[in-house]
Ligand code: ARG
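Take a look at this single chain in structure tokens; it is the form predicted alone.
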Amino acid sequence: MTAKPLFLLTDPAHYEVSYVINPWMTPGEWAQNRARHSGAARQAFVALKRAIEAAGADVRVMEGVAGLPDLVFPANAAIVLDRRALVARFSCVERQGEESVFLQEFEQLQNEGIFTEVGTFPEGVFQEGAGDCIWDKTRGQFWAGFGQRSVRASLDVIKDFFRAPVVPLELISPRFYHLDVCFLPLTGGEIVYYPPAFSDAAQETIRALVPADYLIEASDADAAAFSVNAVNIGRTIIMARPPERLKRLLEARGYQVSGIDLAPFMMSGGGAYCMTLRLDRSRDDGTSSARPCRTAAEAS
């Protein structure tokens, strides 16, 4: 019997929007009605957890910490593959306190046997976890964003730690500060992406490695709705409520789209993917083995 996928979420008891480190953050709006927004955040968290479980996955919830509101976005905690975890280093001082909390959580996961090794990036080498480094099982590689929060020097660290190919993608817009808000590999081999978030060279790289009929371009409305920032489990895609156009496109390809109201977390610039981290990610996780692609080596 195949084990269920396992996702890490963080309880939102201490979530708030209290500072600005990306253009989406609205602390003034949050401050106008803290109780209402906190209640809505709790409801959104519960809805996301239930949707993940309904898609056939298990969820592990870690406690939040007062003063670290963005701990609710564990996608940035680490890169995970084959029971090994490489814990993030945050570029923004507001989030640097999360590093020790996430490291402690991952060491506990290692003690429980979920991980065999937990590593960290060298001092000063900023890299913000699976938010900027996304495993693509179809192509057997990481796609790694750099240029906003994560630095290019982090790519060699990732490659050496996991012994896996890493394809760099330069991000050029502060609005799309992590790869996960503008780039989504799907289990069928498709890639949903928002081209304006990427440099010309990065767009050329994507087009070189992914056939045109497997590329799905997100619109301005899709990106602004955080619909690209989604969780894909089998043929289910869980995302913030998507524009109808994107929903139809995905359903036409055989996916079931589960839209959730994640507005309280979008006020911090995060959606469904940001709020999760898959802990059992592996090179062979039971998803499609189709390879509608060329490898990076073949394309170069």
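Since this is a predicted model, take the numbers as computed values, not measurements. Residue numbers run from 1 along the displayed sequence.
Although not depicted, the form predicted in complex with this ligand is the subject of the following passage.
Residue heavy atoms within 4.5 Å of this ligand in the model of the complex occur in exactly one stretch of 45-53, 29-37, 268-276, 244-252, and that stretch is 268-276. Heavy atoms of R84 never reach within 4.5 Å of this ligand in the model of the complex, leaving it off the interface. Among heavy atoms of R139, none comes within 4.5 Å of this ligand in the model of the complex. This ligand in the model of the complex comes within 4.5 Å of no heavy atom belonging to R89.
In the model of the complex, this ligand sits within 4.5 Å of a heavy atom belonging to N76.
The contact with this ligand in the model of the complex, taken as any heavy atom within 4.5 Å, belongs to Y177 out of F102, F198, Y177, F183. In the model of the complex, this ligand lies within 4.5 angstroms of at least one heavy atom of each of the following residues of 10-47: I21, N22, M25, in sequence order.
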